[in-house]
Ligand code: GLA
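Take a look at this single chain in structure tokens; it is the form predicted on its own.
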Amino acid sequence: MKILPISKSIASKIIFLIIVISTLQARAQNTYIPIESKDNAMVLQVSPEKYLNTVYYGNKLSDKNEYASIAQTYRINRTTSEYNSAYTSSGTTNLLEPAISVTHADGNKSLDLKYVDHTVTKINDDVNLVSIRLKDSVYDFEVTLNYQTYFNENVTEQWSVIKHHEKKDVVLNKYASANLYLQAGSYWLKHYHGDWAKEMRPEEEQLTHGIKILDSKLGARADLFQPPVFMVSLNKPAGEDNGEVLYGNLEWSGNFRIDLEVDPSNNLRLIAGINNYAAEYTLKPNVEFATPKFVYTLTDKGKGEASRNLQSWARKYKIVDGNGPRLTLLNNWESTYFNFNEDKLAAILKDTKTLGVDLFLLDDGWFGNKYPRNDDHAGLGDWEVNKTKLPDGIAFLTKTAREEGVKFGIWIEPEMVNPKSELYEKHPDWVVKQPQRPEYYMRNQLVLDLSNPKVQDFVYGIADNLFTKNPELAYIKWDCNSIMYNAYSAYETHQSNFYTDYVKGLYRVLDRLRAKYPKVPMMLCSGGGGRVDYGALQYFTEYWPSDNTEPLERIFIQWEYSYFYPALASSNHVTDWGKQPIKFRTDVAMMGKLGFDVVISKLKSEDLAFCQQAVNTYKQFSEAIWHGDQYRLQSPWDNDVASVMYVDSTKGSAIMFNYLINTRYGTGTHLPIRLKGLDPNKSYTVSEINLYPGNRSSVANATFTGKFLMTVGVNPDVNAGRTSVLIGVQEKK
């Protein structure tokens, strides 16, 4: 039989027809679940075999029907390795790192999750929840994957709910919150390490094949060495205003684990959740286990846009009263430490009024009688007012504060106990410690067992009693100074449940407090920044970034936190740390929630006048700092001068902070710095603000268009004689 030649045009038409037919067949065989925000889309595919895979995560397409063509375009197919599984299980065909691994009631360790159904719930015009149910084909075991999107913020929270109906307990060997799948030519990870007073030290590296693990095993104060935040740039390290980057943050205040695996096909598999180290969880039949939420945002407009996404989301949906005001305060810690009495505190309360701030915060040392809290060796756990220091109780302080026209707040550390305390003597079984092993202390203290409901009641009662007995109490500083050594619970039946149940117990306490006191300001502290995450911050108005308040150090620390957290949540105090003048220290602290921890009565008259003026200046621009958009202009890591600005929501008011970082000869701002975030069509008056008394500005008051300020910029004239310069930008009406 002779085969006739086919023309090129006919051949191309046949090939096109084959592609169309194969695409239509693929669409018919697969179900697609797009999870969309304003700019992004994650596309999940249900294969003919009922496996749930991620086929795309990136910019949203204008035509939803085209999502069905993505898998064919990328040539993504289910293989024995399940590279792009939306929630990878173990024990069957998967050869890579799993998101979930279990031991069934009969001892079998296999799991093969398949799609059952999904629901879409519209919570409001901005928030949408997609819940996808997966089930094993052999065992009565299921997982629901939840994707809650915040449309306008381009933010997603993801978590899993695990349950089973087997006859006996099942052990969860690993139980992640999320399993993401990213496709790019290369991946650049920026993550953080640290220690006490060394928080948020960044490192950036290219991810190579294998697994990079970010984790904590500290139990409490879990972020001491590494926080649960990171960013991944795609194809190249992202800049402030350009490049594709994903930010991730696990909302969990205990041990966490984040796996970043570049697979054999050069794609990135990202798995985030509770650390399964020493924490295999025994789950009873018919009981739901909800993992913590993993929050993330993706943008192709650089790190600045990603941080503004998270900051806006946090103010709107996560941090307590994120759209409300914040209290300025005066703290007594660095002026008195443990050594105070009623007369000293009454004088500081008068100084609070003199300074012009809103609140006086009484720190550690106000409690304990049998074992008085005169240093950090005793009294922790005995929350009775010390009768020697405060014979008239807290009521005397709230009354004095009221008379001075300020508010009163107090420090507590309710999760901890000193061995030298009445609590330890009465309830040794409430303490986290290994039986038959020597006790090991951090700051001379141990951790209370919050997996125990009786301990939860006790810890809740500490704060509740303070509020009940002192209705005018306006603020709580909640501290947590120790990690867990010799982790063991006298209450738990399954010791490997303890690390997880401790954090869940903490959240139960905080849930009860917030139900009764929904908006009372509370600072989240943990020996500095040892507990900064959105799992805890959903109960607090602010956090303490670091015990290191040296202002040069704080510029770097606050800079890095700002990628993930809004300015109004960062408690920044003016202290005597460092050799910089009071203006420099105050200007640095104004880049967030302002506080003071200095002896007001010992300030020079000019310094006091400046601080009073600074409080007024801060309040004038507080709307931009607290609720505006943040723009990083010059990094302290790469420049002699660090510069950052905040622009209010109307683009009518902005404040620009500038600090000399490098003090070598001749350093300063020799060129103008371009502003960001203004309206190019508006006119703005630019002037130096927050000048020290008696000093004159070298920055002339002038009016420019927003276009000029963002194209040419302004020179704040920072130099060795002007190490800190604040610029106010106001719309000219």
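Values in this document were obtained by computation on a predicted structure and should not be read as measured data. Just count from 1 along the sequence shown to find any residue number.
Unshown form predicted in complex with ligand GLA; subsequent notes refer to it.
Checking F584, F340, W333, Y371 for any heavy atom within 4.5 Å of ligand GLA in the predicted bound form turns up a single hit: W333. The listed set Y460, W411, W383, F657 contains one residue whose heavy atoms approach ligand GLA in the predicted bound form to within 4.5 Å, identified as W411. Comparing 576 to 584, 103 to 111, 414 to 422, 360 to 368 against ligand GLA in the predicted bound form, the single stretch with non-hydrogen atoms within 4.5 angstroms of it is 360 to 368. Although the partner is absent from this view, P227 stays clear of ligand GLA in the predicted bound form, with no non-hydrogen atom inside 4.5 angstroms. Using a 4.5 Å cutoff between non-hydrogen atoms, L355 does not count as a contact of ligand GLA in the predicted bound form. Mapping the unseen interface onto this chain, D533 falls outside it, with no heavy atom inside 4.5 Å of ligand GLA in the predicted bound form. When ligand GLA is considered in the predicted bound form, N275 lies well away from it, no heavy atom lying within 4.5 Å.
Heavy atoms closer than or equal to 4.5 Å to ligand GLA in the predicted bound form belong, across 475 to 495, to the residues K477, D479, N481, ordered by sequence position.
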